[in-house]
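Let's start with one chain on its own, the form predicted alone, as structure tokens.
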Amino acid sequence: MSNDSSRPAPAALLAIAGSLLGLAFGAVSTMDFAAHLDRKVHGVTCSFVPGLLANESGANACATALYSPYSSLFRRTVWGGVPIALLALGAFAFFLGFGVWLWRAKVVGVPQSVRIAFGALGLTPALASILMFTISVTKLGSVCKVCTGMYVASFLVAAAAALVLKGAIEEPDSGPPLLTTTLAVAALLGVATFTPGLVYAAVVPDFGTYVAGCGKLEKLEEKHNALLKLPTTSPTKKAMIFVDPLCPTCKAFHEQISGEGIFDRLDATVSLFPLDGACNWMIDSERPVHAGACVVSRAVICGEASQESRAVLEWAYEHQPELTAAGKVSPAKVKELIVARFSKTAACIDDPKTERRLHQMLQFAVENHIRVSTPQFYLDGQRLCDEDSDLGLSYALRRLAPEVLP
């Protein structure tokens, strides 16, 4: 590499640009995560231009990523866990400092062994991005824009590192021993990366006293034996779940506890609670929250005869958009979709016995003073707080029922 001090340093500029971009996206993601420490629901930024658009409420790819178990570490010991985006902030801050040093020293002013160490370690954010991108595609089925911003930033830093590495290895050996230098630089990178996370973990509020403070079921048994038992592979703890098959939040909660291996460790009982005035007298029949949910709920009940209740419920979650659209047309349209997949439920759905059983489930909810809201999740009668049903789930379950955690 030339020693011409007037020569521009593209590697340094790439490192600075990539690091600043990574810091911007990492800060946005971290702030979105930390906002949830008040145990309330917040919008999540999902934009390629952080700060330009307001946070988006409801479902989006960035919310999916944030609420997933892959967004943070140590969720069982820290409420919500330590956000990975915060570790990215520390790493990008380190590479920003290194980029400034390269720029000020015209690159060649930095000892050769230090540049080689930077070149090697500068590839690590890109490797982490490849891993996270793979998880997003294969596990989450979507890629968030804020995450993509950090991926791009990582590859800019990697490109800078590759340029520096190429130039350095073409020179004769000089400077401090390479192994010692690499270990020292790696240690500095580790300190920069993990220090923000350690500080965050130290200052996060202790929510342990709130976990068991959201009430209990007054009655654990339904006198008509109307409730549904869903089959699971390794039941270890009795659980009661009040759900509406057309409730998006119920779907998200079920996918979370199933994806994390929790559901199959439950001795699961379901009390269907459709937010549909066609069968639920607590809902205005003229303005149902989830039109068609009564028909789907009866189909889930009907699945018991062929041991398919869980299959019907999970199918309903999977096909929620189509069923919701059909519900806005007519109950008959909903039934048509169900029967096309589960033909054995055809006669049972409209059977008065099925309707009566659903009524008994709703009456059970009334007797327990269940709020008109789903899902509601109880472990041995102890209610899981709504605030602990997403980011704080592992933290809460470690205190309420550690045996259900894989």
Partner chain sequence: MKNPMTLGLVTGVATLALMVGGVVSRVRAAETRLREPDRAQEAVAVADHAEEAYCTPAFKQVLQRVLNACGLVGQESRRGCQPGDVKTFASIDDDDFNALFTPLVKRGGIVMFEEGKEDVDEFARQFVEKKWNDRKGARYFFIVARASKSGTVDKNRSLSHRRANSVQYFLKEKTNDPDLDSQVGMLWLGSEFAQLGKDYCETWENSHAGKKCDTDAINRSAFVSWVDCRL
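On a predicted model such as this, the values are computed, not experimentally measured, just so you know. Numbering follows the first chain given and starts at 1.
We do not show the form predicted together with its partner chain, though everything after this point is about it.
Of the residues given (A311, V204, L217, A120), V204 alone sits with a heavy atom within 4.5 Å of its partner chain in the predicted bound form. Put simply, of P176, G97, P248, P235 only one has a heavy atom within 4.5 Å of its partner chain in the predicted bound form, and it is G97.
Of the candidate stretches 133 to 141, 256 to 264, 84 to 92, 159 to 167, only 84 to 92 has residues with heavy atoms within 4.5 Å of its partner chain in the predicted bound form. A residue is said to contact a partner when one of its heavy atoms sits within 4.5 Å of a partner heavy atom; M31 meets this definition for its partner chain in the predicted bound form. Taking the partner from elsewhere, A128 is found to have every heavy atom lying beyond 4.5 Å of its partner chain in the predicted bound form. Taking non-hydrogen atoms only, C348 never approaches its partner chain to within 4.5 angstroms in the predicted bound form. Contact check for W281: a non-hydrogen atom falls within 4.5 Å of its partner chain in the predicted bound form. Shown without its partner, the chain has R356, H359, Q363, A365, V366, H369, I370, R371, V372 in segment 337 to 372 as residues with a non-hydrogen atom within 4.5 angstroms of its partner chain in the predicted bound form.
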